Ligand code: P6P
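Let's start with one chain on its own, the form predicted on its own, as structure tokens.
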Amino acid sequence: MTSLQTPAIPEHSLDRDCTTLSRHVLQQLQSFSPEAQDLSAIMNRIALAGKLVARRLSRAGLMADVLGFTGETNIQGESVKKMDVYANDVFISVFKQSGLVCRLASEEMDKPYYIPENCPIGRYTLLYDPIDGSSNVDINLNVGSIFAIRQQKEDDLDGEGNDLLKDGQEQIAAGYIVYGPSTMLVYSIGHGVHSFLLDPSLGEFILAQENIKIPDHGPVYSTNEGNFWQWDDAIRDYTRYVHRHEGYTARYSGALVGDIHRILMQGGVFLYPGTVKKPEGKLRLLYESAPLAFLVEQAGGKASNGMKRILDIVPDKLHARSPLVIGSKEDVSLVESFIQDHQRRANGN
């Protein structure tokens, strides 16, 4: 009688399947110190927020009061969607009574949200964009969440969050969640960039790829060319350049996270320049540009406003905006060369 043997499971495959997000953070820090456990726990709470938002989005068309606008406007003067409000509340709820985070700052809120019961022990601030690309929600396209963690180094005496008005190098972690055919979380704590897929059968984010590296050059340029005639000459000249040269392809989804994720994996450049009327652009520095710049630099890429590194910019207010050029080093440098050349000519040099 022939005995049946259980097929061998490759050890590396099983090990990866057992690598959850919270475990991975501790491995990255090679420590079980209180600080390492704090970061692991914070990432675990962010993951829970992602699961709740993903569940809501997956049922959006079947539930009442999920899609559409609330009829209100946020601090940016933008119409608020119901999903924006839900996702913002989710992040607040998962950190209440966590003892981890003293306050949360979001582009949907005028001032930081304080959790008094956490403040005596919570040494961190979470900054986030709860739903990036919310205009895509009602038509079932990609959206995402962006987050960054900062350690509180001084007292917030006036309750306005003015101690957050520092450059992006103060971030100790950053990442995003993409809600699409699968839900993916990408993060960095300053030790490379790593991605995790939500396994619905386990209810866990499981390691998908470690140490992601963005190519030095890629074929994709991602920008809203509908604004072409509102841009200054430098950006229009760059756009004409990629139109004339082979090897470039335009991809733009209207969701920053989705476009950045494509470029992180395939290489290329994302541009959200200012316009003649709004030279500061649309993207918020603390909640969008700086977290993504932290992540892309950790993957070997580059992020600037065209003249200056994003992570060196100090915002003058919580909701400060900045133009953004981000992606592969060579492609970002090419865009910068157009901007800087025009600047030199304008100065008569």
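One-based numbering along the sequence shown. Just so we're clear, the structure is a prediction, and the values are computed from it rather than from any experiment.
Below: the form predicted in complex with 6-O-phosphono-alpha-D-fructofuranose, not depicted.
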Query raised in the report: Tell me which of 237-245, 212-220, 254-262, 87-95 has residues with heavy atoms within 4.5 angstroms of 6-O-phosphono-alpha-D-fructofuranose in the predicted complex?
Result: 254-262
Requested in this report: Consider Ser182 of the chain shown here, and say whether it contacts 6-O-phosphono-alpha-D-fructofuranose in the predicted complex, taking contact as heavy atoms within 4.5 Å.
Outcome: no
Query raised in the report: Is Asn224 a contact residue for 6-O-phosphono-alpha-D-fructofuranose in the predicted complex, using a 4.5 Å heavy atom cut-off?
Result: yes
Query raised in the report: Does Ala47 make contact with 6-O-phosphono-alpha-D-fructofuranose in the predicted complex, using a 4.5 Å heavy atom cut-off?
Result: no
Requested in this report: Tell me, yes or no, whether Tyr113 is in contact with 6-O-phosphono-alpha-D-fructofuranose in the predicted complex, where a contact means a heavy atom of each within 4.5 Å.
Outcome: no
Report task. Just give me the single entry in Val53, Leu283, Ala299, Ile313 that has a non-hydrogen atom within 4.5 angstroms of 6-O-phosphono-alpha-D-fructofuranose in the predicted complex. Result -> Leu283
Report summary line: Assert contact residue (6-O-phosphono-alpha-D-fructofuranose, in the predicted complex, non-hydrogen atom within 4.5 Å, options Phe205, Tyr187, Phe270, Phe147) equals Phe270
